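Take a look at this single chain, the form predicted alone, given in C-alpha cells.
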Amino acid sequence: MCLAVPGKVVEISEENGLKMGKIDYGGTQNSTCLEFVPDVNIGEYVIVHAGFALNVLDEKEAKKTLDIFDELEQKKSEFLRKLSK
C-alpha cells in the first residue's frame, strides 16, 4: 500500500541539476524532488510519495486531505485512551 502525502512548498532550489524543494508537512520539513512538477511555486501544495512530488494540489483540496488526516489522528487517540482504561 502506498500513501502520498500533501505538503506545502516552502523553498525551491537546484541540486545536482535537479529541481528540488523543501516541503512542509505541518511543521516537519523534508527535501523533495520537484522534477515531475516543474511549474510549481513556493506556497503551493504538492502530493509527495517516496521523495518525489507527483502533482500540484490547490490549497482547498490539500487542506481537506490534511483535515481528514487530523481527524484520523484524533480518532486513533480516542481509541487508544479507551483501550488503556
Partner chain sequence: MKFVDEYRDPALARSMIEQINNTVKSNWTIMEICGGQTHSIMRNGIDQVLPEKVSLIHGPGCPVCVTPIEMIDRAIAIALEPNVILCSFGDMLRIPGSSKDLFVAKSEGADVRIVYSTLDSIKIASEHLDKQVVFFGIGFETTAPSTAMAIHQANRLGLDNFFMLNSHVLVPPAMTALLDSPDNRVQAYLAAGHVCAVQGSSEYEPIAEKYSVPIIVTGFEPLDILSGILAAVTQLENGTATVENQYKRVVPTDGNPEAKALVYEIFEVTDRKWRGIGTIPSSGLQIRESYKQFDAEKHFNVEFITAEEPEQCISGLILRGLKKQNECPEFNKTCTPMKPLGATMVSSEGACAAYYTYNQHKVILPVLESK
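Owing to the predicted nature of the structure, the values given are computational and were not obtained by experimental measurement. Positions refer to the first chain, counted from 1. C-alpha atoms forming the largest set that superposes within 1.5 Å between two forms make up the rigid core.
Same protein, other form: the form predicted together with the partner chain, not shown, and the subject of what follows.
Review point. Taking heavy atoms only, is A50 within 4.5 angstroms of the partner chain in the model of the complex?
Key: Although the partner chain is absent here, A50 would touch it in the model of the complex, with heavy atoms inside 4.5 Å.
Practice item. Indicate whether V56 is a 4.5 Å heavy atom neighbour of the partner chain in the model of the complex. Key: Yes, V56 lies within 4.5 Å of the partner chain in the model of the complex.
Check your understanding: Using heavy atoms and a 4.5 Å limit, would one call L72 a contact residue for the partner chain in the model of the complex?
Key -> So L72 counts as contacting the partner chain.
Check your understanding: If you check in the model of the complex, is L18 within 4.5 Å of the partner chain, heavy atoms only?
Key -> Flag for L18 set to yes.
Review point. After the core is overlaid between the shown form and the other one, has the C-alpha of F69 moved by 2 angstroms or more?
Key: Yes, its C-alpha moves 2 Å or more.
Practice item. Would you say whether E59 is displaced between the shown form and the other one, judging by a C-alpha shift of 2 Å or more on the superposed rigid core? Key: Yes, its C-alpha moves 2 Å or more.
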